[in-house]
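The chain below stands alone and is given in structure tokens; this is the form predicted on its own.
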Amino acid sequence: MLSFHGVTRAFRTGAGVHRLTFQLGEGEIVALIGLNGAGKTTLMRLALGMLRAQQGTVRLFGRPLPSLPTAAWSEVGALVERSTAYPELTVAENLDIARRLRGGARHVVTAAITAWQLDQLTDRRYRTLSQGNRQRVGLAAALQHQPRLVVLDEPSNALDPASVLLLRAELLRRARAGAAVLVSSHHLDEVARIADRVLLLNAGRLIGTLDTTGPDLERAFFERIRTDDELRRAQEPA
């Protein structure tokens, strides 16, 4: 569904990602974790064609991104950094635009409003919403058309506990239906509940997976990052 093979994208500041290789299969939920600046958002932007790889190949649905048919993007649902919406339009109008862009049937908007408990907000202009409600609208727009590939960057940001439960249930439902899900998060305990694999990203490089069966995920995470930092420093030229 999604694969990276030796993908590098570097920026003038020195940030970026380097030699990324991984695959995401049907029905699989993969969580991506790392410190701020590790490259999580860059990786996701590369997956969605928002950035171009300088080296390596990104494939969606088995095809390199440059040769992916335009119609295939209707099978992708994504929310990266912040939701894209028209501030002067209502919640219902924004969801309908997202539905039309992806070729979804009209009923998906009604279903999404119910699923994300937006019934009381349908006629509210997007600009008047709280951050948490904006996030729910963005998630509804990204998932309402039942995408085969889901890419979400910090989707639980600004969500209240009830909305986090809605998000968890929706991602599990999509995975059971065969969708591939890539999600980044700072909430280790939350992603451990749903992820089949947790990939560790540090300084723009994938450094392995995190065992989610241990008693202290946060401690294990920081220990892996510390060990990797020490190893990289030891390998740097004097």
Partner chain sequence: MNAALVVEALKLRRSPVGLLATCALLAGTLLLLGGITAAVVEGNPQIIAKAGPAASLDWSGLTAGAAQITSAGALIAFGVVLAWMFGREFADGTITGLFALPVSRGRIALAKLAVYAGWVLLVSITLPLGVLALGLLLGYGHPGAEVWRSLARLCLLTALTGAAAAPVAWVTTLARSLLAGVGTTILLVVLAQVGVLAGSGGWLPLAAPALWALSGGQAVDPVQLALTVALALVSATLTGTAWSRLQLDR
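Numbering follows the first chain given and starts at 1. Not measured: the values here are computed from a predicted model.
Same protein, other form: the form predicted together with its partner chain, not shown, and the subject of what follows.
- This chain is displayed alone, yet in the model of the complex one of Thr84, Asn157, Thr110, Thr122 has a heavy atom within 4.5 Å of its partner chain; that residue is Thr84.
- Residue-level contacts in the model of the complex: of Gln146, Ser74, Gln117, Thr128, one residue has a heavy atom within 4.5 Å of its partner chain, and it is Ser74.
- No residue in the set Leu32, Arg173 and Ile225 has a non-hydrogen atom no more than 4.5 Å from its partner chain in the model of the complex.
- Using a 4.5 angstroms limit between non-hydrogen atoms, Ile207 is distant from its partner chain in the model of the complex.
- Within this chain, Gly49 lines the site of its partner chain in the model of the complex, having a heavy atom no more than 4.5 Å away.
- Proximity of Arg100 to its partner chain in the model of the complex: non-hydrogen atoms within 4.5 Å are present.
- With a 4.5 Å cutoff on heavy atoms, Thr70 counts as touching its partner chain in the model of the complex.
- Only one segment in the set 211 to 219, 20 to 28, 226 to 234, 7 to 15 has residues whose heavy atoms sit within 4.5 Å of its partner chain in the model of the complex; it is 7 to 15.
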